[in-house]
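Coming up is one lone chain in structure tokens, specifically the form predicted on its own.
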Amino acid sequence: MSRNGLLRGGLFFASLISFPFLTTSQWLTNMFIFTLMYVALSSSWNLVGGYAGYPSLGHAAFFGFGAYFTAIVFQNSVGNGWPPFIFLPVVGIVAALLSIPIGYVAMKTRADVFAIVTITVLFMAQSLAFNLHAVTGGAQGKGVAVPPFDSSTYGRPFYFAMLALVALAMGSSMYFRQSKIGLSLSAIRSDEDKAHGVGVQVTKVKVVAFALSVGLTAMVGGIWAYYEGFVYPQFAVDPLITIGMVLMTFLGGRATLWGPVLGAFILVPAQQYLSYQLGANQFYLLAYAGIFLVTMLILPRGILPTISDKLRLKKKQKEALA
């Protein structure tokens, strides 16, 4: 909450708010919608995977839940186009409530076992999406009614809805950094047994972080479904969605406010460019794998923490020489 921090945040959001009014390019707006989508997803995942140190691999299940929930409610009509956006808090709250028993069970495990439990949830959700034909439409998918927005500015409402979720996710991240719950999560990440020993309500704090994280993820899924207009299980409950948000968070820096933002703004435009250039062969996944390996080998803490450490070291060296 420093002056420089508020200035950076103000410039960041002012730039993003003005962007749609400075361009009429549909493909550019589309790219920024997906970039903001992953900023929100990565920042949401960071609440549990970064601050708590619990690497959830099942977040795409809740993304899919939000997508299908929105599609089911608004498959016939969206009125003047705004009701699905107004409905988003309901999507988030329902997803968060449903996640509490899942989180309570999953959070009884640690690290790699937790990752296995959450990815099992993902595959269960994917199986349900394919087989509950009466609810999800199965492999045929579920459609969402088309909004009556002006074709020349069709993407703007979705852009600003995604931007609002970015603000909400980053606001939650900032709160975690400065609040008692954030301090508790940091203690859990460092040493869970010691955190429990000093009086941290370990299970409660972890479940709250998990519920908030997946609630935000489900809301993003709801906007995605509305924007796409059709929900297919192989895209709505896709492990690549989880991989994307995890990789972007690791690349920028876990447990930081701006790390997931930086990671998303690097990887999403690159992925969009490579997918357009290379077509449907998905060679961009090789680039994903390469970036992940380089990040883990050279920048294990991510870009921002590494830069911060180097600047701090240089400052100490200058002070020592002074």
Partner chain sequence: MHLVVQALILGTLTGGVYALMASGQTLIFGIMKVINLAQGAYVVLGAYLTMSLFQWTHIDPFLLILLTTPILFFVGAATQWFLLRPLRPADATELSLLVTFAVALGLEGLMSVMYKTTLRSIQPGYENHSWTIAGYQVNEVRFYAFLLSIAMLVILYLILQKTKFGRAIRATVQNPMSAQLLGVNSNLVSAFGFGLGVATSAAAGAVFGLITPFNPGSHYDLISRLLTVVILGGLGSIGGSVIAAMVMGVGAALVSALSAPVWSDFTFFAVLIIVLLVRPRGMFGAKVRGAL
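Residue numbers count along the first chain shown, from 1. Quantities reported herein were computed from a predicted structural model and do not represent experimental measurements.
Beyond what is shown, the protein has a form predicted in complex with its partner chain; the following relates to that form.
Of the residues 204, 177, 196, 189, just one reaches its partner chain in the model of the complex with a heavy atom at 4.5 Å or closer; this is 189. Only one of 149, 230, 87, 123 comes within 4.5 Å of its partner chain in the model of the complex through a heavy atom, and that residue is 123.
Stretch 290-298 is the contacting one of 290-298, 66-74, 267-275, 31-39, since its residues have non-hydrogen atoms within 4.5 Å of its partner chain in the model of the complex. Heavy atoms of residue 250 reach within 4.5 Å of its partner chain in the model of the complex, making it an interface residue.
Remark: residue 117 counts among the residues lining its partner chain in the model of the complex, judged by a heavy atom distance of 4.5 Å or less.
Using a 4.5 Å cutoff between non-hydrogen atoms, residue 97 does not count as a contact of its partner chain in the model of the complex. Contact check for residue 262: no non-hydrogen atom falls within 4.5 Å of its partner chain in the model of the complex.
Annotated contacts: 57, 105 and 131 all touch its partner chain in the model of the complex [non-hydrogen atom within 4.5 angstroms]. If you take 207-245 and check each residue for a heavy atom within 4.5 Å of its partner chain in the model of the complex, you get 239, 243, in sequence order.
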